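In structure tokens, the next block holds one chain alone, the form predicted on its own.
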Amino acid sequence: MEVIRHLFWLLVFPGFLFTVILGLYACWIVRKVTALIHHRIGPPALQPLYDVLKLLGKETLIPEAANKAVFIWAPVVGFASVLLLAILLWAVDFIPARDNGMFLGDVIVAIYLMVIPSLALILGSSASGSPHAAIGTAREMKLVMSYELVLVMAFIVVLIKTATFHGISDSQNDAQLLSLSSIAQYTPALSISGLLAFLAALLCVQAKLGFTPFDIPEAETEIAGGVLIEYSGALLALWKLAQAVMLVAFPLFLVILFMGGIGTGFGSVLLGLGKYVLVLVLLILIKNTNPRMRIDQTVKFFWFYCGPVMAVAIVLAMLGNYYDKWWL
């Protein structure tokens, strides 16, 4: 029975099947809201599923100049990593801390899992041998280098705020700061430094998802799809599924870090889903109210604007910890 329970947890709820369905539904929400903003009707609710099924039925073409092994395995690794991240986050939200099997330092694992899809996209695109893909790869590399430091600084603010809430006094409690279950008990976004970190992390997630104004690596009107131009069939379907699961995992990660997670009770679940929808709506609004930025503008934005703001947020969080002022 224990094996069946774990299989159900991994494969059905809140594992693979639930995450993929929710991700495809989130894709539809993004497309539907975007269409309404553009005064269009938009696609039916099942359109993302139809798109993936259609791609699975098409032939998968591999360029002659491609490194076939890297080209094929990159979307598999990217999809697997973001799916594992989503399952890890669901465990934090839906399973009590004493039973969810989480470990100290799981927040570090989650941060690494967030990076892997971008690295897989870079490797898969560069392995295609396409000049259009090469331009997209270069842009993706610069994009990752621009926002990752800001994202890590936002995580540092969360850890400092969690220490303030915990009232850290010994090394054992210090170790608990690296547990997602401990972090999810608090809402750093209600403080000044936490709010600044949340807004910066939101923009970083916008870039990770490849949404406007940071859709520079794909830029269909400039480089005909960029990083994904040579992918087709089942491999392109895997990338689409990975992007759908990202729409679940990345906003959920922000909810856990900054907004207190979801919880297990009925009221807590409704409130938590409301937090997730809020983050998703903010991402959609940013996507539909900004023009695409150039890669040099993006690097400048993250390094010379978001970076100093995060440095100020870290200082405020440290002052709040030192003087025991949670609102800082």
Partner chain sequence: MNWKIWSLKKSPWVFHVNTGACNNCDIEVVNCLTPKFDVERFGVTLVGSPRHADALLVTGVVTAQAAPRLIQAYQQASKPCVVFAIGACACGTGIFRTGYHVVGPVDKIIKEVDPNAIIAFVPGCPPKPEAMISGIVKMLNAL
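What you see is a predicted model; the values in this text were computed from it and never measured. Positions refer to the first chain, counted from 1.
Missing here is the form predicted together with the partner chain; even so, the following discussion is about that form.
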Thinking of the partner chain in the predicted bound form, which stretch from 272-280, 50-58, 255-263, 286-294 has heavy atoms inside 4.5 Å of it?
50-58
Just one of C204, I160, L89, L228 has a heavy atom within 4.5 angstroms of the partner chain in the predicted bound form, so which one?
L228
Would A200 count as touching the partner chain in the predicted bound form under a 4.5 Å heavy atom rule?
no
K208 within 4.5 Å of the partner chain in the predicted bound form, heavy atoms:
no
Classify S232 as contacting or not contacting the partner chain in the predicted bound form by the rule of any non-hydrogen atom within 4.5 angstroms, answering yes or no.
yes
My question is simply whether L247 lines the interface with the partner chain in the predicted bound form - judged by any non-hydrogen atom within 4.5 Å.
no
Any residue of 18-49 with a heavy atom within 4.5 Å of the partner chain in the predicted bound form counts; write them all down in order.
R31, H38, H39, R40, I41, G42, P43, P44, Q47
